[in-house]
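In what follows, one protein chain appears twice in different forms, each by itself as structure tokens: structure 1 and structure 2.
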Structure 1
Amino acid sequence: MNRILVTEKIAPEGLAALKAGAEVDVRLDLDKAALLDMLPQYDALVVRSATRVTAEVIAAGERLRVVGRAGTGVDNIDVEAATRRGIIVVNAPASNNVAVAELAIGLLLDLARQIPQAHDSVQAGKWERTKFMGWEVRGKTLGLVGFGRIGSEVARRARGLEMHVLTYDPVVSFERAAQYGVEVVGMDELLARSDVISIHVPLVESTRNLFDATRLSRMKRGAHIINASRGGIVDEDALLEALNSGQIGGAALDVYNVEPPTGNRLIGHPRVITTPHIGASTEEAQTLTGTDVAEGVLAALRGGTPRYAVNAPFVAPEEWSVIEPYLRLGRQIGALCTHLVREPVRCYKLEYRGELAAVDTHAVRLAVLQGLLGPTVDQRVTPVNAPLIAQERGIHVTELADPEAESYAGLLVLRAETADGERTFSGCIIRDESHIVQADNYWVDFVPQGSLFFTYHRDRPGMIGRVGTILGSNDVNISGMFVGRQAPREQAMMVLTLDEPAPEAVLDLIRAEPDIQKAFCVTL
């Protein structure tokens, strides 16, 4: 059974989900030496933000297949080192979208009405109504730096407050922004026009100190800034100077360069509102974080492609319902091709038909590669390292999208070009279940699961009965049977689904039958 090490506290619902699919050990407050000593025993590691998953830690995980981060950011995980080892890194990026967005809106209103300062004043026994003159957010311009999952949720709420919303995000489409009633502008224009700027980008090298002295000086004088994303994006020394000069009217911070921010000069500043990194701290977000990371970890341990894999292709939420079942089908078609095509393959061709032609199929391609390579290499193949292994082996794959899918909603087609011609495998999804409808050029229809028995034979009367008799007399039970043929009394393929694999001695008896060319068992 797979073993999972959890080093930090996650929601009970997430822990229960992990325990339902694996053996789980919760060891809180491990130091580095203890973690390095324990990790070789585990297949998965689940952390939050405190555990540093360095290259050294990853190297110690001899069995490690997945690292789960119960949260959004993965700056405490060496993703590059994990990728080189074929280890999938999963997080829970969608779980705290609403929580962080609501905090940003709350901080916006706090800045506008000085709510924390007014609260402290009353608590101190004062009554200073004239001191806390605020301003209305209605009609003001909010600039969003970053328009991903959280930024778009902030925009939705800000529009409800009758604010005009701008965004700067190099990869956002004008169409998507327009759906939210948001205007896409350049960074300089956003700085010059915004009354309040809210930051929603990750901390990477290109965003470190993004708001330095120069950018703060380009903001509208007296404007306000909110950072509920990551510490390090705002230059704290430059922000303090801008606050003291009046260039910045106020700031609301949930994150800091160093946490906790001991000795930080922004703490206690009369025009700075501070919270202790509580963006994701809602009961709902914590439950979702735990269950989302558990789902991703277990999916990786099962050999699948997790929905939120950091170092594998991201699948947009609106496309996931289409893509997800084809990931399983892709691995099955790839593995089946490798089992049935025993001669060298010059190249592979992938075709995405019907509903598949309208979505991003990068993840499906990786799933097919994973299936093709898995039965033939002596290392673990994941969607992370499949392209590297394929490149090392000189595997060439071309792709084609076709909106026509004959009588299927969607069809995944894999063609293997050999010296003897093209070998074709096709599959579809019916009621969320994989179906192989073409195997090695033969039209069939079977569910690729469990023990599968294949024969290549000449189509002759009594063939099915003879094979069935041999299996039955050796206590091998048949649960399904499918036959495809090129023409009457010509070459044919028989596919039997078995309750258990047929012993090799039984296969030898079948291979000895007249007109049987090949017979073997495959487990997908």
Structure 2
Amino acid sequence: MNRILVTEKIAPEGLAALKAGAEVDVRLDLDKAALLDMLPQYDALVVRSATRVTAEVIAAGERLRVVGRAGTGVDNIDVEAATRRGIIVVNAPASNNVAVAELAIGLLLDLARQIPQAHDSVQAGKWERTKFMGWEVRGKTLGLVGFGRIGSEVARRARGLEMHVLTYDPVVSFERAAQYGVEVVGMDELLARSDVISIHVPLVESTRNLFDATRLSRMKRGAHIINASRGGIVDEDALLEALNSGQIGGAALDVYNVEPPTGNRLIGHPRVITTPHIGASTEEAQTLTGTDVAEGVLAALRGGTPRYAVNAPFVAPEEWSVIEPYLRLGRQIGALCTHLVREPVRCYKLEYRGELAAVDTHAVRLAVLQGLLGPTVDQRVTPVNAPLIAQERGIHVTELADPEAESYAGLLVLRAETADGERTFSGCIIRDESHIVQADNYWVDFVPQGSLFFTYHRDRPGMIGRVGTILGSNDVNISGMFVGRQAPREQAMMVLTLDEPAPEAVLDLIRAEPDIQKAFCVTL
């Protein structure tokens, strides 16, 4: 059983999820020496932000396959060192989305109705009903700067409040924005048209002081601004001036240049609403952080592609439900190809058909490589190091996307070009389960998992019965059987799914049968 070391506190739900799939040790007291000492016994390490997972720590983890970060930032993890060793680093970047988006909407309504100021007034024994004349958000224009995970959740909610939503994001997909009912515009247009601007970008060099005096001056006079992203993105001095001049009608801030914002002149301003960086502070977000990281760690331990991996391909959330089953299929089809095609392969061709043609298949390609390489490489192959190993071995893969998939919703086709011609493997997803529908050019239909038994034989009456009898009389239980053939009484392939692998001696009995050319077991 896999062993997981947890060195920082994570939500009980996350811990329970980890324990359901592995042996878990929680050690919150480890210093560096103790961590280096213990790590060789573990397959996974789960941390928050305090444990420093340096190259030295990674090197000590001889069995380590995954590092899980319960949270988003991975500054405390040497991701490059992990990547070099094929170790997947997973995090939980989406667990805060709704929490932050709901806070932004709360701040929006606070600005519109001055709820915090009105609360303070009542608490102070006053009854100022005319002072707190607000405005309705319905029909107003909200400008979202950044349309990533959080920005898009804010958009969804703002649309529910009947707002018109604009976004500026340099890498936004117009289709995705349209799905959310959001208009994509340039920064200047967003500044000029928005009644309220909400910022949802990361703090990087290009976003530092993004809202400086110039940009604030280009906003509509009296417009409002919300920042629940990171301090440093809004120039605080410029904001104070814009508030005082009436250029900005009000600001709501969850984040500050310096936190806590001691001495910050924005604090106490009558038109500034403040919260103490509580965007992610909901019970649900904390729980989701724990369960998301647990899911990622267990997926990586099972050899899969976790949903949120820092050093493996990112799959956009809206494409994940399409892609996920094909990742498993990709690994299976790749492994099957390596097991069945024993001759040297000059190059591989991958075809993404039907629904697969419309999505980013980068992760599927890596899953196929992982499957192709896994059976022949003595080192652990993950989506992280698969491209590197493939490159070292000179494996060449060409790709093609084609919306046509005959009668399948989606079809993944892998062709291996050998000296004797092309060997084709095709698979599809039916009710969330992988099906191989073409194996080594034969049309079949089986689920590629567990113990599989293959024969290459000449199609003759009684062949299936003879193989079945040999397996049955040797106590090997068959759970499914499929035969593909090129033409009646010509070359054929039999695929049996078995409850357990057939012993070699039994395979020899089958190989001794007339017209059987090859018989072997594959475990996927």
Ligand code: NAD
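Remember, it's a predicted structure, so these values are computed and weren't measured experimentally. By rigid core we mean the largest C-alpha set that fits within 1.5 Å across both forms. FYI, numbering is relative to structure 1, first residue = 1.
Undergrad: May I ask which of the two structures is the form predicted on its own?
TA: Answer to the question: structure 1 is the form predicted on its own, whereas structure 2 comes from elsewhere.
Undergrad: Please indicate how large the rotation of the smaller rigid part is between structures 1 and 2, in whole degrees.
TA: Expressed in whole degrees, the smaller part rotates by 24 degrees between structures 1 and 2.
Undergrad: Report, to one decimal in Å, how far the Cα of residue 230 moves between structures 1 and 2 once the rigid core is superposed.
TA: The alpha-carbon displacement, core-superposed, is 6.3 Å.
Undergrad: Where the core is superposed, what shift in Å does the CA of residue 280 undergo between structures 1 and 2?
TA: The shift comes out to 2.7 Å.
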